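Form predicted on its own, single chain, as structure tokens, below.
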Amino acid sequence: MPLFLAPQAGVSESPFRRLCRRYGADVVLTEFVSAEGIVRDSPKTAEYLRFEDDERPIGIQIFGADPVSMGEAAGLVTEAYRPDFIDINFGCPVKKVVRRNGGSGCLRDLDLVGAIIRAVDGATHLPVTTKIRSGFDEQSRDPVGIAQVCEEAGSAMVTLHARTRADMYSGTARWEEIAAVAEAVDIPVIGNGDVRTGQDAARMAAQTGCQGVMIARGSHGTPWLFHQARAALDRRPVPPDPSPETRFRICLEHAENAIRFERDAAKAVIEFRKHLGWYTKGLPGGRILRQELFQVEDLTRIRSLLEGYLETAERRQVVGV
């Protein structure tokens, strides 16, 4: 069963995708990219589309509410970047995206959903997939109906985040809806929502009958989660979380690659601060460490703070504190 790294704005950049691939993610997706930005040939948009060959198989995820622009963007992406598939975002709940009827905003009009899929499918020879939520709100909640529209319009696979747009990220994802969709359609169904441990991935697979598991927020600061999920799915002992030393080594490797990938090193360090917060979450004294890490402006300072934390922790162990 394949494990997918979810497309996540500001998180699933190339350095993180490559790290997750190394730890067992079978398929990765780019951050979601505006179709309008692609059509306008926006330099900023082009930055989100860059990827390396060792990230394959990779999908480029696009969003928008105009079928014509979505089709044109799909054709341009296919020719210029040659990903392995193109994914359509019908799931993003962020207000600025929904306000333009993009992302989960499209779920208010299933005729539009079908038109967008057909336009994208007609503009590329690549497989076209879709990522959906269970509905826009509780009143429109109909994951099976939405998935069936996607299948009929030409989607080769559908990923369901089993929450509505109104839910945002609150409450619990309704895995029974993933099971219902998997039963109702003939295309592969990927489950998404509340996979935070390797055991969660195995439980989702067992309870829903999905054909793949997508991990999103659970991967933040824990790329090794894919390794643990693979073990759980294969019914092998799940490896423990890494030690702080190993965790920091992975963090530094991630930071180095992020700075190398981003053309503006200073900007890269500032944007990496959120990852520093995730990598240090749950550590004893982590709150104080994060306060310092959120002020860093270069890699040398990051390395110094992490090494200092480990040295202090070691001294405390020696004296029995």
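In case it trips you up, residue 1 is the first one in the sequence shown, and so on. Keep in mind it's a predicted model, so treat the numbers as computed, not measured.
Beyond the structure shown, there is the form predicted in complex with a small molecule, which is absent from this document and is the topic of what follows.
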query	finding
Residue contact check: V11 to the small molecule in the model of the complex, 4.5 Å heavy atom	yes
4.5 Å heavy atom contact, Q61 and the small molecule in the model of the complex	yes
I215 within 4.5 Å of the small molecule in the model of the complex, heavy atoms	yes
Contact of Y81 with the small molecule in the model of the complex (heavy atom, 4.5 Å)	no
Partner-proximal stretch of 106-114, 246-254, 190-198, 231-239 relative to the small molecule in the model of the complex, 4.5 angstroms, heavy atom	190-198
Contact residue in the model of the complex, chosen from T222, T129, N89, T164 - any heavy atom within 4.5 Å of the small molecule	N89
Sole residue of E262, E36, E55, E31 within 4.5 Å of the small molecule in the model of the complex, by heavy atom	E31
